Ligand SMILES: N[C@@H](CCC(=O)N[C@@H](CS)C(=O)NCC(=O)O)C(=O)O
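Single chain ahead, written as structure tokens, the form predicted on its own.
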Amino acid sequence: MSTILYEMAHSPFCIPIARVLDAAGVQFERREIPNWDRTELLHLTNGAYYAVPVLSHNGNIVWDGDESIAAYLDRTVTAGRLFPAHLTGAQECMIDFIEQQLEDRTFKLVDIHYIPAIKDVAHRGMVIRHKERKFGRGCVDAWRRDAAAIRADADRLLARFETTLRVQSFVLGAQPVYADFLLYGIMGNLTFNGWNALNAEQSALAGWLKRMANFRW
């Protein structure tokens, strides 16, 4: 059966799933979902879910509900390599940090470029309204105004990964786990379309990104 990843290519949560599938040798189709029209996702999930990613795999429609897509792939595709039992506690702490603190800074540095790049004014307006419902009126303009401070804060959080990756190949040891793929998604989002770049002090992160991009099981 075919495998289809319904995604937004710049999404920090879609990039990891695509990289996991590729690393595991799974052939899959990537289907871009317009940020301003989630109709296809609602049809796929019988109205239960409208965010990305959504995965169609072996006749199953999977999204981040009772079981995350990452957990599903770990069970069906990667033979437990994403979530090894002996790293459970450390990885849970790291995933929470990446998803809650780091992503909270980095997505803003992307949205200030991504949103103006949406050509259709109605589509762009829909995305802005979505952001403002969640983050408050004028949020995108505020992120643009405060971009230097947001980037400095993001770099402060990334420094702990830079330090770690100077002494080991991946964030929790010699082999990548889901925290690596998640961080890869955050960094892929941050640097999407060349809108942001790593700085000179982030050489270990740059080397790790190359390892992650080429990694295969």
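Start at 1 with the first residue shown and count on from there. All values reported here derive from a predicted model rather than from experimental measurement.
Only in words, not in the display: the form predicted together with the named molecule, which the text now covers.
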_Can you pick out, from L157, L172, V26, A51, the residue that has a heavy atom within 4.5 Å of the named molecule in the model of the complex?_
A51
_Proximity to the named molecule in the model of the complex, single hit among D153, E32, D64, E162 (heavy atom within 4.5 Å)_ = D64
*asked:* Since only the chain is shown here, I'm wondering whether N196 would be in contact with the named molecule in the model of the complex (any heavy atom pair within 4.5 Å).
replied: no
*Should I4 be counted as a contact of the named molecule in the model of the complex, where contact means heavy atoms within 4.5 Å?*
no
*asked:* Since only the chain is shown here, I'm wondering whether Q202 would be in contact with the named molecule in the model of the complex (any heavy atom pair within 4.5 Å).
replied: no
*Give a yes/no on whether H130 approaches the named molecule to within 4.5 Å in the model of the complex, heavy atoms considered.*
yes
*Check, residue by residue, if T106, K108 and A142 all come within 4.5 Å of the named molecule in the model of the complex, counting heavy atoms only.*
no
*Does any residue in 12-32 get within 4.5 Å of the named molecule in the model of the complex, counting heavy atoms only, and if so which ones?*
P12, F13
